[in-house]
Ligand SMILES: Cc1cc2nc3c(=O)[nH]c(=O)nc-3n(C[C@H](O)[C@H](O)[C@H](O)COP(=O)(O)OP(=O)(O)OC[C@H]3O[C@@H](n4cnc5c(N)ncnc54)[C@H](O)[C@@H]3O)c2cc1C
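Next up is one chain by itself, shown in structure tokens, the form predicted alone.
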């Protein structure tokens, strides 16, 4: 009997098992997750779920009866501790071994932890899982002074949620602007101004060096000696891909993830990888991209499922990301690494504009802020066609 096993019960995994059934696969499907929650959507955890405007039931990807109705063996609280490629078996905690014909690794990421004195004090939070979101939501509802370590996307979304709850918020960031490495100083400055306009205090050029308090955190000490009062500290300092299982099994890794080909197959022809952990070849950008965003988890999970069934698959999707902060909605696509120019069109001060990242005269990434009628369709075309653009026309909103 053909047995397809998926390790990880997140967004990529859930889309994979659904696609297997939609494509007509009638064999055994096993979904193994280390959490005790059925698969759920993660973006709301730092957005509307954290704000309390989305109910818990709405974040789950399928209702509680879907797995049984579709003959998917959902094994929760079952972390995979070993992978035996020769025997084609995975081992879960407790020693049970499960055989596979094809295996998908969709193990996701875990948040980088604060590794400073005092990081074990009460009141220190990291955000990746729904239980962590529950605790953080309750803490924000109680109020108090919030310090966010890191001004990346997660850090900014948490800061926006905390301000929306009325909490005083300070963001500590070693770079000179939010999102500096990803978007550059101009667009990073836009997000800094957005948050300052909503009462956020930024401390740039420094980082969290120590947390003080007896049982609970009461203050943050930065690397340049500032002391910031805090009742609540949230780390938004990035994530680590969960690739240890692949490494222990001797699978090839690259770009911080599991090396796969265009069909998401690893160097073992019976093992595939999708989502955060997959280092995928990119025809557009060259080399390999490892993308930790929602759309990649959705689409790569579907693509991996089709490839496992023997379909011809070439996965080369443009990265896509979205965020909601205060009255700003943003969509982003592409990969700005290596850009040499940023061009904008529209009204930045009025919070309705497009931005484009160019390399050697070609658009490599783009975003819009509150321009929902135009969206990203034209941006995607510019990226994919790789044609030289006239910067003057690109920046002219009348064209």
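Residue numbers count along the first chain shown, from 1. Because the structure is predicted, anything quoted here is derived from the model rather than measured.
Missing here is the form predicted together with this ligand; even so, the following discussion is about that form.
If the criterion is a non-hydrogen atom within 4.5 angstroms, does every one of 34, 294 and 297 touch this ligand in the model of the complex? All of them do, each having a heavy atom within 4.5 Å of the partner.
Although the partner isn't part of this model, could you tell me whether residue 127 comes within 4.5 Å of this ligand in the model of the complex, counting any heavy atom of the residue? Looking in the model of the complex, residue contacts with this ligand include residue 127, since a heavy atom lies within 4.5 Å.
Does residue 178 make contact with this ligand in the model of the complex, using a 4.5 Å heavy atom cut-off? Heavy-atom contact with this ligand at 4.5 Å: absent for residue 178.
Is the gap between residue 16 and this ligand in the model of the complex 4.5 Å or less for some heavy atom pair? The answer is no: residue 16 has no heavy atom within 4.5 Å of this ligand.
Indicate whether residue 231 is a 4.5 Å heavy atom neighbour of this ligand in the model of the complex. Contact check for residue 231: no, nothing within 4.5 Å of this ligand in the model of the complex.
From the candidate stretches 198-206, 256-264, 162-170, 320-328, select the single one in contact with this ligand in the model of the complex, where contact means a heavy atom within 4.5 Å. Of the stretches listed, the one contacting the partner is 320-328.
Which one of 351, 47, 339, 345 is close to this ligand in the model of the complex, taking close to mean a heavy atom within 4.5 Å? That would be 47.
Of 74, 194, 80, 249, the one that lies within 4.5 Å of this ligand in the model of the complex (heavy atoms): The residue in contact is 80.
In the model of the complex, residues of 268-293 near this ligand [heavy atom within 4.5 Å]: 274, 275, 276, 292, 293 sit within 4.5 Å of the partner.
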